[in-house]
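Coming up is one lone chain in structure tokens, specifically the form predicted alone.
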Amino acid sequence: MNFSVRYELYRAFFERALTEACEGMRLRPPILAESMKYSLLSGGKRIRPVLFLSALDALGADYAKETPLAVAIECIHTYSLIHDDLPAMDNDDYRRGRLSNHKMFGEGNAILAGDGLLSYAFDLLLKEASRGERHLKAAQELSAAAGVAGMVAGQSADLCATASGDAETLAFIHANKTGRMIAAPLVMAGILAGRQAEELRAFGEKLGLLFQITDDLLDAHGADGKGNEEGKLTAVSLFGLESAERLADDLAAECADILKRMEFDAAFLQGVVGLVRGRNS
């Protein structure tokens, strides 16, 4: 089975689980559920849950039993996107080809939609943690990646940074704002399977860096319609376009080297590396 077909199988499986979860969101007032679902069901590549499901599969675990954790991963990612798009953050009017949550429902409702998705994710994590020690550790991994020593710290540093920032600051932003939530699904899979968690962490951290630098390159090339944001610290603003391209290539090669040492068939994960390096959106 080729990479694209396998990717679509994992993605479609996850979409069904996500739709089922959304059908159970009967909330008051109705606009809360509507705004949460609007962003959660907006499509996308679903890279984070696909990484989680595919790593479980590669490690010989039954990924069908872990759908609540996959949904929690995507809820946290989606909440971060809603808040990122707000005028006080990145001020984006569109997300995945349609109006951002705050343009559709207003800023106040968008903030609450993000809050609701984060709270819902932790409801799922707490329920799954009761299944045993491995599920507790997997939940803790995701909580740490999303929290004040992870994604939130990276976002805060990104807001404070200027284009005159240094390489150490940029590395902190990349590792936390993006990297932690790319690595966490892989580490969670290793924890649940009882093996290779730290090897998957090393791979996930490199993949996360590659993902963010690719974002910087897409911005620089204007692939998202915005171009480079003036005053923003990125790999391109710090190192220049050509050097950032070489850095991305080097990271892709480092990801491949780590995967060669895995004690399972890592061909699909290598395909994800190619997907991330070659993406145009």
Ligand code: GRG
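Everything quoted here is computed from the prediction, not taken from an experiment. Numbers for residues come from their place in the sequence shown, where the first is 1.
This protein has a second form, the form predicted in complex with the named molecule, left out of what is shown; the following refers to that one.
Of the candidate stretches 25-33, 38-46, 51-59, 244-252, only 38-46 has residues with heavy atoms within 4.5 Å of the named molecule in the model of the complex.
Of the heavy atoms in residue 171, none are within 4.5 Å of the named molecule in the model of the complex.
The shortest heavy atom separation between residue 135 and the named molecule in the model of the complex exceeds 4.5 Å. Although the partner is absent here, residue 84 sits close enough that one of its heavy atoms falls within 4.5 Å of the named molecule in the model of the complex. When the named molecule is considered in the model of the complex, residue 211 lines it closely, a heavy atom lying within 4.5 Å.
The partner is absent here; in the model of the complex, the one residue of 193, 151, 129, 110 having a heavy atom within 4.5 Å of the named molecule is 151. Annotation: in the model of the complex, residues 79, 155 and 215 each come within 4.5 Å of the named molecule through at least one heavy atom. Along 158-184, a non-hydrogen atom within 4.5 Å of the named molecule in the model of the complex is carried by 177, 178, in order along the sequence.
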